[in-house]
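Before any questions on binding or motion, here is one chain by itself as structure tokens, the form predicted on its own.
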Amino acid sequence: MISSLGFNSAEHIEKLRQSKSGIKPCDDALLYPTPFQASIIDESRLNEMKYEIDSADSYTKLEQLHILSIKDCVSQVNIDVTSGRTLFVFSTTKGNIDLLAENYTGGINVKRAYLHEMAKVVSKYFGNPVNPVVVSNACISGVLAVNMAKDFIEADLYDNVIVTGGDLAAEFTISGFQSFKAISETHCKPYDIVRDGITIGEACSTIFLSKNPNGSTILIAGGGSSNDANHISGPSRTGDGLMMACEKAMNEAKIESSNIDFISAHGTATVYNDEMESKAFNWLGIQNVPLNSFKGYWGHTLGAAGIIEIAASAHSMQNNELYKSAGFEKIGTPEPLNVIDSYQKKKVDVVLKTASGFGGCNAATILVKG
């Protein structure tokens, strides 16, 4: 896990336990002409760590983040990344979008702005012979990528899948969300009564899935997706699309709503998203299940969101602890939710992770402690 909270999972979990957010004021005029709140990766630390990468300057910032995240992940498992039975899956919404900025002065070929080109460059670094898969479906990309990886393994196409997600806080992204008037002027407040928009974040995170897990494991037990086709950017007002995705995931996992211990929700802190989620979770009868949004810690990280939030949820399960939903103070959704307002120790065996995005897309996955 790489974000404003640190460069490995241990640093992130310690910050989550302390309810310390990485969101800060940003006055980088190259990103946006006026100051705004954002979650930005420490550039000086990246410059120190990139020397772990061979020929580091021949890679973009996002490619460096992917390589560092993947290296950290695979160092903890015993696999051959050069095997034809190992697949790389990339989750991103914009990839090397910074290469297209008018102020870009680097020497890297603009061709790498194509998502598949970025994926090939990173896969080649690790000597993997398989053509990588890129999942780019708005903000559900990360959850969808994990569900796809599970399907690839269950179909016996691969023994191991490395799923990595990443996106940057770039001028294009920030200007786009500002045009929707969707960015909060302050720290985002998922599910809060005064929430007024998202906080942009940048991150990269990697998850390893295998058909031959060893030791303590978290199982991806079921997944589902849907599209309510409500609006180019706005979610369904009723929550029916998200409800359908959750039902698919729960049915595949053979999990009843009463079995769910924790919901890692999308929680962007926009008025409509959080409102829609509250309706969906009440439709499902899980409104009393402890719930949080991790976006109050590292912002909305777009294509990385599903990956880094699943990773944090897996640590929550392994450690039997729940992390506060940062930025939340008073419930402001039309339907009740059990938003976590403080760190707590609790047995966590089953997690529902959800995501929703532009175009009416929704995705859900069920994590079960093995």
Partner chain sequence: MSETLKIVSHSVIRNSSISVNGKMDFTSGEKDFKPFIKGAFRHYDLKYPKFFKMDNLCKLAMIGAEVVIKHSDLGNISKERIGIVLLNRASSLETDRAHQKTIDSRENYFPSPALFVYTLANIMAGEIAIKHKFQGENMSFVSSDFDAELTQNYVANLFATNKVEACLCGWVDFDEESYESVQYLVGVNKSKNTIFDNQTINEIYNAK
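Numbering follows the first chain given and starts at 1. What you are looking at is a predicted structure, and each value in this text was computed from that prediction instead of being measured.
Another form, the form predicted in complex with its partner chain, is not on view; read the next lines as being about it.
J.: To verify the annotation, which of these, His187, Arg85, His231, Lys124, has a non-hydrogen atom within 4.5 Å of its partner chain in the model of the complex?
T.: Result of the distance check: His231.
J.: Between Asp261, Asp72, Glu171, Glu275, only one gets a heavy atom within 4.5 angstroms of its partner chain in the model of the complex; which residue is that?
T.: The residue in contact is Glu171.
J.: Using a 4.5 Å heavy atom cut-off, which stretch among 141-149, 278-286, 262-270, 77-85 contacts its partner chain in the model of the complex?
T.: The contacting stretch here is 141-149.
J.: Within a 4.5 Å heavy atom cut-off, is Tyr32 in contact with its partner chain in the model of the complex?
T.: Yes, Tyr32 sits close enough to its partner chain in the model of the complex that at least one of its heavy atoms falls within 4.5 Å.
J.: Consider Met244 of the chain shown here, and say whether it contacts its partner chain in the model of the complex, taking contact as heavy atoms within 4.5 Å.
T.: Heavy-atom contact with its partner chain at 4.5 Å: present for Met244.
J.: Could you tell me if Lys211 has a non-hydrogen atom within 4.5 Å of its partner chain in the model of the complex?
T.: Result no; Lys211 lies far from its partner chain in the model of the complex.
J.: Within 4.5 Å, heavy atoms only: does Ile108 come near its partner chain in the model of the complex?
T.: Heavy-atom contact with its partner chain at 4.5 Å: absent for Ile108.
J.: Of 248-267, which residues get within 4.5 Å of its partner chain in the model of the complex if you count heavy atoms?
T.: Residues within 4.5 Å: Lys248, Glu252.
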